[in-house]
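Form predicted on its own, single chain, as structure tokens, below.
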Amino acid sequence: MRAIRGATTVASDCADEIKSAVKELLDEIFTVNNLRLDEVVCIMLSNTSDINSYYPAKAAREAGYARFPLYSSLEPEIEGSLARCIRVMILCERSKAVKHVYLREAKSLRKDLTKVLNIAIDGPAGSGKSTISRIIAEKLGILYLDTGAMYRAIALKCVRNNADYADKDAVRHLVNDIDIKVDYRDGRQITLLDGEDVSEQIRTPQVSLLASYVSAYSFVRTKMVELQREIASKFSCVLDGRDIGTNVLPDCEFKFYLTAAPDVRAKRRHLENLSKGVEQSYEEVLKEIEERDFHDKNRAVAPLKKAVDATEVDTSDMSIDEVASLLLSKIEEKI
């Protein structure tokens, strides 16, 4: 079960305005979430004490939302609270992420939802960037942009074309003719390479290691950074990588740098590989981690490093939930 929240305001305590505002809010929530009436368990509405001329629940019923229980309550008076405000919470039977809606003056209540919000999470391989980024994105109801997947797609293109990653001209030729797109289906990022969904094929150890090498070419990074910035300018999203806070989005408001001891990261990656059926020894994984660390930190273009204004978090002795909670608390302090 999911809870969808929303709020709006009215200019005056007038029945017609209340009816219009409630209908507008509910219509928007149902539209952006592609929510069906049969998915709804109940709708709970509340209003500030300066709204008296009409019950928001009655307005909802008259707007056509009458197939499920409707509840209405009066909020306590709180000094400094938003005037003439109507809030709603819809409980619905669905598992995928939902989008909350705040309209009119109520937009000030959730600036994280009403303005483009970008969160940069950098760090070395195996530090937990991708897992934490997905959790943060889901908790905040925004997109997760897996930037590494884009570089992996280029690496896969090299593998499929038997191109030598050390041959700069060969890689450039492939990049000039490559088509990489990102799509979102059921809350999951889909990576499309020349029109094909390669979300699974780009996760092999071979492609992962090769991605570190091809991403060092300036023309590769230029093409990918342009795409990442374009997406981030239009949508609130969490981006993870190695140079998000230092190069891709240097003016990003929220920056984090996750790290962990190499042996800890290798153990995590080894277990992840085993769960996916990838037969690779712990020693091999550790060697790859160390090789990738060296290459990422020493490449000439956009090397791996912590942004000066990023919050560093050592995840070696932390659980996934602990890391996610820490980052969320840091984000909420600024919102």
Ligand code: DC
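A residue's number is simply how far along the shown sequence it sits, counting from 1. Computed from a predicted model, the values in this text were never measured in an experiment.
Just so it is clear, the following notes concern the form predicted in complex with the ligand, a form of the same protein that is not shown.
Asks: Heavy atom to heavy atom, is Gly141 within 4.5 Å of the ligand in the predicted bound form?
Replies: It does not: once the ligand is placed as it appears in the predicted bound form, Gly141 has no heavy atom within 4.5 Å of it.
Asks: Please run the contact check for Ser133 against the ligand in the predicted bound form: heavy atoms, 4.5 angstroms, yes or no?
Replies: Output for Ser133 is no: heavy atoms all beyond 4.5 Å of the ligand.
Asks: With the cut-off set at 4.5 Å between non-hydrogen atoms, does Ile119 touch the ligand in the predicted bound form?
Replies: Heavy-atom contact with the ligand at 4.5 Å: absent for Ile119.
Asks: How about Arg188: is it within 4.5 Å of the ligand in the predicted bound form, going by heavy atoms?
Replies: Arg188: no, not in contact with the ligand in the predicted bound form.
Asks: Can you work out which of Val101, Ile86, Leu249, Ala211 has a heavy atom no more than 4.5 Å from the ligand in the predicted bound form?
Replies: Flagged contact: Ala211.
Asks: Give me the residue from Arg265, Arg242, Lys255, Lys157 that has a heavy atom within 4.5 Å of the ligand in the predicted bound form.
Replies: So the residue touching the ligand in the predicted bound form, by this definition, is Arg242.
Asks: Just one of 89 to 97, 212 to 220, 70 to 78, 174 to 182 has residues with a heavy atom within 4.5 Å of the ligand in the predicted bound form, so point it out.
Replies: Looking at the other structure, the answer is 212 to 220.
Asks: Going by the ligand in the predicted bound form, which residues of 2 to 33 come within 4.5 Å of it through any heavy atom?
Replies: Residues within 4.5 Å: none.
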